[in-house]
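The data below hold one chain only, encoded as structure tokens and taken in the form predicted on its own.
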């Protein structure tokens, strides 16, 4: 029962971490390697508004998400738009931006264990004899609501349908008058805000540290590769596979093997099924 409960919680956490990355790549085919840095930026901005400016917690979160969304849009508008379509350059440019942000925080002195965010609801409850924090339960509920919202948004709103059109066939979308760059800006802003939302939900369970940016990026990439690059529903399913695998590893091997599971998932997927569970990339036999 402990594996079932904490496997579910860990899976939802991974889905929250990866959704922003999957959304950006699925719509604009841009691998946003600054995803982990934007996650950390959200945490530090929320902490600054809450602790230094003494604003309301909810207001601090909303302002942080808005700022990170704008930052994501600016990254595309002034940097990634110039290298779009050049896969290696996209990776190098976005990773360089993320690296500069994270190491800039380290250089400015944002390090150590002094930066924390309070949990939304303190306390815990026993579920089938297993203690579970109220905050973790709230994260699971919010995670399910976000997935439902994304499905509704992409199926029943004008902007969502335009984003789906770009994801399915960019050339056809262009012929229908959809602005490719505008949709890419919207996707980057939305994906960055999702990274920020994951941060404000998950960082209260630990500390805000620069190293989290690198770990978050690896986890997001592993979930998206296993689920299939470009498929955000595949990312959700992959989050459950990797999430339960990590909890089983923690129970039987140790907590320090969690990241190893994510890296092995990347390697095995690229060997067995390079396109992932729901990906549309060409398989080896189709390319030769």
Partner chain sequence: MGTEQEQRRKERLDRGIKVRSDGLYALMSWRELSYLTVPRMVLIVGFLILPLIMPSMYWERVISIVCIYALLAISFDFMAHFLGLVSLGGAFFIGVGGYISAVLNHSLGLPPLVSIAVSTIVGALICTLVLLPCLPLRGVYFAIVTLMYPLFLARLIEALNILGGTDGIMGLDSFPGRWIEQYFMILMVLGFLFGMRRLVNTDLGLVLRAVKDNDQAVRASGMSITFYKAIAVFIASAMGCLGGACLVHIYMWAGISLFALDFSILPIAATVIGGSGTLVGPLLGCLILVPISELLRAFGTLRIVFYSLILVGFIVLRSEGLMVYGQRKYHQFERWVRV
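Everything quoted here is computed from the prediction, not taken from an experiment. Positions refer to the first chain, counted from 1.
Heads up, the form predicted together with the partner chain isn't pictured, but that's what we're talking about next.
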{"query": "The partner chain contact at residue 181 in the predicted bound form, heavy atom, 4.5 Å", "finding": "no"}
{"query": "Contact of residue 215 with the partner chain in the predicted bound form (heavy atom, 4.5 Å)", "finding": "yes"}
{"query": "Partner proximity in the predicted bound form: residue 257 to the partner chain, non-hydrogen atom cutoff 4.5 Å", "finding": "yes"}
{"query": "Residue 263, heavy atom within 4.5 angstroms of the partner chain in the predicted bound form", "finding": "yes"}
{"query": "Per-stretch contact check against the partner chain in the predicted bound form, the hit in 65-73, 34-42, 224-232, 50-58 (non-hydrogen atom, 4.5 angstroms)", "finding": "224-232"}
{"query": "Contact residue in the predicted bound form, from 145, 127, 138, 91 (heavy atom within 4.5 Å of the partner chain)", "finding": "91"}
